[in-house]
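Starting off, we have a lone chain in the form predicted alone, written out as structure tokens.
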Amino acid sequence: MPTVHDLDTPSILIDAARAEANIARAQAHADKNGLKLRPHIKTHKLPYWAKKQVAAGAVGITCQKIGEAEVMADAGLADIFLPYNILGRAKLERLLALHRRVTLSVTADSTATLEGLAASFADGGHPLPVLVECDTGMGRCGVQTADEAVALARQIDRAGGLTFGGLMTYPAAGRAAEAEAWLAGARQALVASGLACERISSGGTPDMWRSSEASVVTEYRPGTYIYLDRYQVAKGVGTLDDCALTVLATVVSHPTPARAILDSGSKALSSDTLGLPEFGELLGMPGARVTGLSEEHGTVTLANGASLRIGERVRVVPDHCCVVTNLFDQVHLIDGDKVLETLPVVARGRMG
């Protein structure tokens, strides 16, 4: 059996036991609080893990792109949510083909998006569920008021090939209470207008752990929870010992006692810090932080007299694992130093 010492660098390592434990912990929390779990595959982009998540109890999966959903459907995943405004003839044709293969639902936040969906989906016997996306504080997509949500839901309800599927949001981190109040008001407005709202879908790994049975949210779409990263650790979701994804890198230079250089720059670790002051940290070396990136160089700042050897291999916990996954063609599942399996990241870089 190959080991991590046989791998070239940079490489992604996935501690299989840690990922499995993270899946089980989140599913147990969802079950305890009466939530349906619909994991977002953007973090791993692998049918291997999507199937594990469904086997653990998830009701289905979430994809952000039609291309990701097509890959998952090809692999046998049968219940897929696409919380994204789908526009344009080519995408709508692919969406219709996907709807004929799997249980599919999507979102919309405008009349323009709904007009395209209504023109493409005309089968009243097999309507496409459309959820209204709501801006509950994130400041991205979504209707701005409960009245707008009701108006859009009515438009969906009138379209012969569509059916109103509920409400969806991606709340701002740390503002779950604000999102809860927004969604509760919108649901009340919908009921008052004669529209049932049985599904309310929310996302974001950190705030999932603050959910409870009293929430109006019925479904949660966590993504990063399966691997975790430095951002999630900073938010208190877990510890470095819970992080399943690391980047295996080689020390290629040690110009000063306090500075070493890795063969992993922005094209391996990503420059997306999610607001953290560094780009990653080295496992097993307290105080060793990746403090600078160029495309193929990662600058490590060492503390407390620590040093590295040129040629030494290290494992870096990145700030944002989802982006890192998208930078590699394959990942290596490991158990200790043993490489259990190497998997192609098949949903990476898919069109649409």
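All values derive from a computational prediction rather than experimental measurement. The first residue of the sequence shown is number 1, and the count goes up from there.
The form predicted in complex with another copy of the chain exists for this protein as well; it is not shown, and the discussion that follows is about that form.
The candidate spot formed by Gly57, Asp79 and His126 is out of contact with another copy of the chain in the model of the complex: none of the three has a heavy atom within 4.5 Å. Segments offered: 230 to 238, 215 to 223, 131 to 139, 116 to 124. Contacting another copy of the chain in the model of the complex at heavy atom distances within 4.5 Å is 131 to 139. Among residues of the shown chain, Gly352 is one whose heavy atoms approach another copy of the chain to within 4.5 Å in the model of the complex. In the model of the complex, another copy of the chain sits within 4.5 Å of a heavy atom of Ser110.
Within this chain, Asn33 is remote from the site of another copy of the chain in the model of the complex, having no heavy atom within 4.5 Å. Among heavy atoms of Gly311, some come within 4.5 Å of another copy of the chain in the model of the complex. When you look in the model of the complex, the only residue of Arg175, Arg101, Arg259, Arg158 with a non-hydrogen atom within 4.5 Å of another copy of the chain is Arg259. Applying a 4.5 Å heavy atom cutoff to another copy of the chain in the model of the complex picks out Ile310, Gly311, His320, Cys322, Val323, Asn326, Leu327, Phe328, Asp329 from 305 to 331, in order along the sequence.
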